[in-house]
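Below you'll find only one chain, the form predicted alone, shown as structure tokens.
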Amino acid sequence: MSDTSTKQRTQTKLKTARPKLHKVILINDDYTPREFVVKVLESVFRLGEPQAESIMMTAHQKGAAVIAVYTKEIAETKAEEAIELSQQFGFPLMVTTEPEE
């Protein structure tokens, strides 16, 4: 008979947590032209024209609208990019982020 011993091995599986998501929110204002808002949504958030118009109208009617949901870093970057673009053209477009519930 051989002198082999059996040892039980345990493996630890690490679960990576999903990153928390953040909403990018368009805030309505009375100064930024609707057409410009649509162009910003199309260029920064890569939305099609019908979807961009729908989001713009929701913000216009309700005061705010969720544009998209991303990880925190991407959401903040997209919001900053939209704000910078509007400032370049002299508009006070406001885009903010908040954690998704």
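Residue numbers here begin at 1 and follow the sequence given. Nothing here was measured: the structure is a model prediction, and the numbers come from that model.
Heads up, the form predicted in complex with a small molecule isn't pictured, but that's what we're talking about next.
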Does any heavy atom of residue 33 come within 4.5 Å of a heavy atom of the small molecule in the model of the complex?
-> yes
Interface membership of residue 27, the small molecule in the model of the complex, 4.5 Å heavy atom rule = yes
Give a yes/no on whether residue 67 approaches the small molecule to within 4.5 Å in the model of the complex, heavy atoms considered.
-> no
Closest heavy atom of residue 79 to the small molecule in the model of the complex, within 4.5 Å or not?
-> no
Taking 23, 44 and 75 together, does each of them reach the small molecule in the model of the complex with some heavy atom inside 4.5 Å?
-> no
